[in-house]
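So this first bit is one chain, no partners, the form predicted on its own, shown in structure tokens.
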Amino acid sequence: MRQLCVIGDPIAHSKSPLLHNTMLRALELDGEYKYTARRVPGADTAAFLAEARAEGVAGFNATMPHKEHLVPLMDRLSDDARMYGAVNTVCLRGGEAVGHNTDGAGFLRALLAAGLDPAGRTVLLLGAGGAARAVAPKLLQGGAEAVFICNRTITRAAQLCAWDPLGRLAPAGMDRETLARLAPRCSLAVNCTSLGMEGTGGQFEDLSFVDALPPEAGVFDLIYSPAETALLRRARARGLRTANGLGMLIWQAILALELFLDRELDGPAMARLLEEAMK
């Protein structure tokens, strides 16, 4: 049986085994592949890769703290992995380790599936960390006209904006006044921060900017636990279209399995299957 897995530290919370094994069963490949979770400390990234090669592992996903550590260890990188400077999917095939990143593409597929096509929109993006680095380029690739990257530390937002030489990314603060000023110009808001996440205790101090979004606006929160954050609850109360991060989690897994199997899957059907499995 060929091995697939996810590595990270911690890793017990990972939903990847559930997602991938559900898909493998649906494809009647569960007798050929098995997907597990392995705790691998950050200092052991290279050692694990050598072990995976020796064991004949078909591929693996990676979460923190390995995403950046894997980049220099790869024989080849996909365009997205190179652009983000992070790897979340590794295919081991023909003696070669190829690093991919499905986070941004998974986000865009989830956004489209939720009816929040970014084409022609001006976007209010909250946060400038790793999640925002995956999301911002895909918003532009999806046709967004402009993206305001709002962060408490504006210099960090400016660093992310430097990625786009065309100037479609603009740095801004995340204070009440700035968000209130920008929100009326934006028909899509995307939360890439951990504010509102279960177990973190951090919450938005002020959500009044949601009330300033246009009536046709949508709000996407990368958080999926809880299923409805205070941000999404406020947006839904206004009648805005909303979506949480479960779709992104699901779609990045679908795209990763396509890479492992080297075949295209029926993505929408798999997404429906995984939504049921996650209930």
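None of the values given here were measured: they were computed from a predicted structure. Start at 1 with the first residue shown and count on from there.
Omitted here: the form predicted together with a small molecule. The next part is about that form.
- You can rule out all but one of 215-223, 29-37, 44-52, 234-242: in the model of the complex, only 215-223 has residues with a heavy atom within 4.5 Å of the small molecule.
- In the model of the complex, the small molecule sits within 4.5 Å of a heavy atom of Gln252.
- Although the partner is absent from this view, Gly129 contacts the small molecule in the model of the complex, with a non-hydrogen atom inside 4.5 angstroms.
- Within 4.5 Å of any heavy atom of the small molecule in the model of the complex lies no heavy atom of Arg93.
- The closest heavy atom approach of Ser194 to the small molecule in the model of the complex falls within 4.5 Å.
- Here is the short version: of Ala105, Leu111, Met74, Met174, the single residue with a heavy atom within 4.5 Å of the small molecule in the model of the complex is Met174.
- Screening Arg82, Arg185, Arg168, Arg156 for any heavy atom within 4.5 Å of the small molecule in the model of the complex leaves a single hit, Arg156.
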